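Before any questions on binding or motion, here is one chain by itself as structure tokens, the form predicted on its own.
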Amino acid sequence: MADRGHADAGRLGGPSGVDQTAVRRANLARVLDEVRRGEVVSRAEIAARSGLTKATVSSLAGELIDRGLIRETGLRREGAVGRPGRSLELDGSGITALGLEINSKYLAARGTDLAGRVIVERRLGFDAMHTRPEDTLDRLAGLAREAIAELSDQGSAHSFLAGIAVAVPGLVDADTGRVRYAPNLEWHGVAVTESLRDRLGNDVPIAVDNEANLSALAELHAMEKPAADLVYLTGEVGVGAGLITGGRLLRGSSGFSGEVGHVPVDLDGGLCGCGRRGCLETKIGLPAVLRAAAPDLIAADADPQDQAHALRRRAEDGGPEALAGFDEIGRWLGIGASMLVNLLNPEAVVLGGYLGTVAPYVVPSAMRQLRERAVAGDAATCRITASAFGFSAAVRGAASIVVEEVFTDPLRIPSGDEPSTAD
């Protein structure tokens, strides 16, 4: 339980140096979180659990209602005597979040409201690998405008877009929204946030992050019991890792952690998109598995999701070439996973993209390698499992970080008498 004096510090005046806005923001977030976790709760219950006074909770709840974040529901009796109080539940039907994804072979959009209801979900084939960054961002902006219009049409009369987040397969400076380097897209120093804001012409906050990071967060937010330490491996044209340690995303000193796809595992191996030879990506990226398990499925304009399902069907049919290819891919996957397990000791390695689709056929071989290579032996060997989200993990994660930011800072949502700048 929080210390009551500190929790209500926002009521204090004078030269205490307390940042009144920061305290108010923290208390609003605390009440909002209690409502979110409790589904339907009363003001008295929130006061008892949070350490805030009932008067403070009532004031904060009123502000959250005014901002459209929660709503009152039916009467609820708090005790044996006295008037019943009104319960509170999460609302947010008029507050929306938009996730976007740029991938090598497709663009995607996913828009939700604060309660997680999916309002718009789109995915279109697009060859970003052979398209100029300017043209890719033009098409992404068009997709965003279509999604924003649909969010506005299906939201409440006072719909408010809380933010946009973009997933990109490359090294991203999350503070500036600039893609430093995306080898498979051949992007260098592309200012995604600035470019997208210019194209959309509004003041909606826009964040940009690495696709593996956002996929890892999507997985973490969806877990009934979130793992404190996990590794999310993407499996598409490129291979990257989103790293969760101590329940938080591990970014590294400059924000460029997780580039496991470009760790060399075979110095005499094939040329990688980064210009080096023998990277893990050349062994377990989607082009590698197609060459090993189903060469006839290789097509420049094919949708990677369709290719992944076709690969799985080959294995389900018992095709010897497919099964042998998957065994080889699993071997290299286990080698790569063992490096991460020895470094980070995660609870789980989660496979995304095509790796998640074909997981039953690559995990056995991968686990054999992991058991052989885990320095700490069985004590460090973790499970390797498929993501439930497949190719949609990154765009889901993008939408979810906007939602999480609202729960962290409710003040970013205007109250009924404040002007909205997001329209």
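Don't overthink the numbering: it's just position in the shown sequence, from 1. What you see is a predicted model; the values in this text were computed from it and never measured.
From this point on, the text means the form predicted in complex with another copy of the chain, which you will not see here.
**Q** Would you say all of Tyr181, Pro346 and Ala376 touch another copy of the chain in the predicted complex, counting a heavy atom within 4.5 Å as a touch?
**A** Yes: Tyr181, Pro346 and Ala376 each sit within 4.5 Å of another copy of the chain in the predicted complex.
**Q** Residue-level question: is Gly273 within 4.5 Å of another copy of the chain in the predicted complex, judged on heavy atoms?
**A** Looking in the predicted complex, residue contacts with another copy of the chain do not include Gly273, since no heavy atom lies within 4.5 Å.
**Q** Whether Leu340 contacts another copy of the chain in the predicted complex should be assessed with a 4.5 Å heavy atom distance threshold; does it?
**A** Answer yes; at least one heavy atom of Leu340 falls within 4.5 Å of another copy of the chain in the predicted complex.
**Q** Does the 4.5 Å heavy atom contact test between Pro264 and another copy of the chain in the predicted complex come out positive?
**A** Judged by the heavy-atom cut-off of 4.5 Å, Pro264 is in contact with another copy of the chain in the predicted complex.
**Q** I'd like to know whether Leu250 contacts another copy of the chain in the predicted complex, with contact meaning heavy atoms within 4.5 angstroms.
**A** Yes.
**Q** Please pick, from Leu107, Val120, Ile206, Leu243, the one residue with any non-hydrogen atom lying within 4.5 angstroms of another copy of the chain in the predicted complex.
**A** Only one listed residue qualifies here, and that residue is Leu243.
**Q** Here the chain is shown alone; which of Gly51, Gly62, Gly38, Pro360 has a heavy atom within 4.5 Å of another copy of the chain in the predicted complex?
**A** Flagged contact: Gly51.
**Q** Another copy of the chain isn't shown here, but in the predicted complex, which of 321-329, 288-296, 265-273, 97-105 has heavy atoms within 4.5 Å of it?
**A** That would be 265-273.
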